[in-house]
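To begin, one chain is listed below as structure tokens, in the form predicted alone.
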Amino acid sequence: MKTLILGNVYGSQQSTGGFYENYPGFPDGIQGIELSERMLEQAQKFGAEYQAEVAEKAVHLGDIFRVKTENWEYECKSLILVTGASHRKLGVPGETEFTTRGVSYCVHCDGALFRKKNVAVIGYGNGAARAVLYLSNICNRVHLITSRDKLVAEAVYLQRIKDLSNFVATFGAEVTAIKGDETVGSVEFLVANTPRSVKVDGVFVEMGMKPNTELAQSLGLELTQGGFIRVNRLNQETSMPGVFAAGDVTGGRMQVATAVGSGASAAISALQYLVK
């Protein structure tokens, strides 16, 4: 089958996710960007074509699909949507204003900019835990600010965080604003309705992910209550024949290993759809 891959491999969650220690076959771990490059290289070796263009819209025209990018249009007989998910925002004053000026959503992209400085990680879960561990190696002090009563993450992360000497956590906090002059200067928040503030040079937001479903919506696909593409987990089929979806955009456990598994299932299903 003639296969075209559209998208920016370097902008994916996998590529920007830092160092992976739990992906099968790499006992010493592997950087996400290297894993992405290896996967792409393998796909191209077996004939897949790659265009670093972002698909902006998809339409169903009878027995074909037309996918529009900024520069071109492509037609195909089957689609596999693997558009992933993006970081959720806080939605507080100062967040948009200071984005790229102290507010970041990618610790591995921007962490080095705050070497030997004080930073805050806002969020919960594995993403926040990984951010704390990474930043603790390069920053003077790392403040975790979370609305939860504890950090919920994998045991190995929690154990490593417990041993940190430059880490401070504030639980049950509601962030109200990010302030500063030219760049970030502080994070304002409430704890039990009491105003508090911490001076920091940078803020890393780790509030989980939201699915990138723009293409799915342009096709009119059915979504789940949580906003993910609804699929049949047995074959990754969506509500539209010929369209399949896999990975983070379908929800579930957001792990590289599960994304690979669902991607393989979607590919097999697309092949079966085309030859029936």
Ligand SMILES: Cc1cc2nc3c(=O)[nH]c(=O)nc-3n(C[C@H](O)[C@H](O)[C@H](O)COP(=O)(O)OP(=O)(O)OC[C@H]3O[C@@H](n4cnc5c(N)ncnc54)[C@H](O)[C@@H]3O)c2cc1C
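Quantities reported herein were computed from a predicted structural model and do not represent experimental measurements. Residue numbers here begin at 1 and follow the sequence given.
Separately, the form predicted in complex with the ligand exists; it is not shown, and the next lines address it.
Trainee: Ok, Met240, Val54, Val59, Ala43: which has a heavy atom sitting within 4.5 Å of the ligand in the predicted bound form?
Mentor: By the 4.5 Å criterion, the partner-contacting residue is Val54.
Trainee: Here the chain is shown alone; which of Ile33, Leu223, Met207, Leu215 has a heavy atom within 4.5 Å of the ligand in the predicted bound form?
Mentor: The residue in contact is Leu215.
Trainee: At 4.5 Å between heavy atoms, only one of the stretches 90-98, 76-84, 182-190, 161-169 reaches the ligand in the predicted bound form; which one is it?
Mentor: This holds for exactly one stretch, 76-84.
Trainee: In the predicted bound form, is there a heavy atom of the ligand that lies within 4.5 Å of any heavy atom of Arg130, even though the partner is absent here?
Mentor: Arg130: contacts the ligand in the predicted bound form.
Trainee: So, Gln13 and the ligand: in the predicted bound form, are they within 4.5 Å at any heavy atom pair?
Mentor: Result yes; Gln13 sits at the interface with the ligand in the predicted bound form.
Trainee: State yes or no: in the predicted bound form, is some non-hydrogen atom of Ala259 no more than 4.5 angstroms from a non-hydrogen atom of the ligand?
Mentor: Within the cut-off, so yes.
Trainee: Whether Met254 contacts the ligand in the predicted bound form should be assessed with a 4.5 Å heavy atom distance threshold; does it?
Mentor: Yes, Met254 lies within 4.5 Å of the ligand in the predicted bound form.
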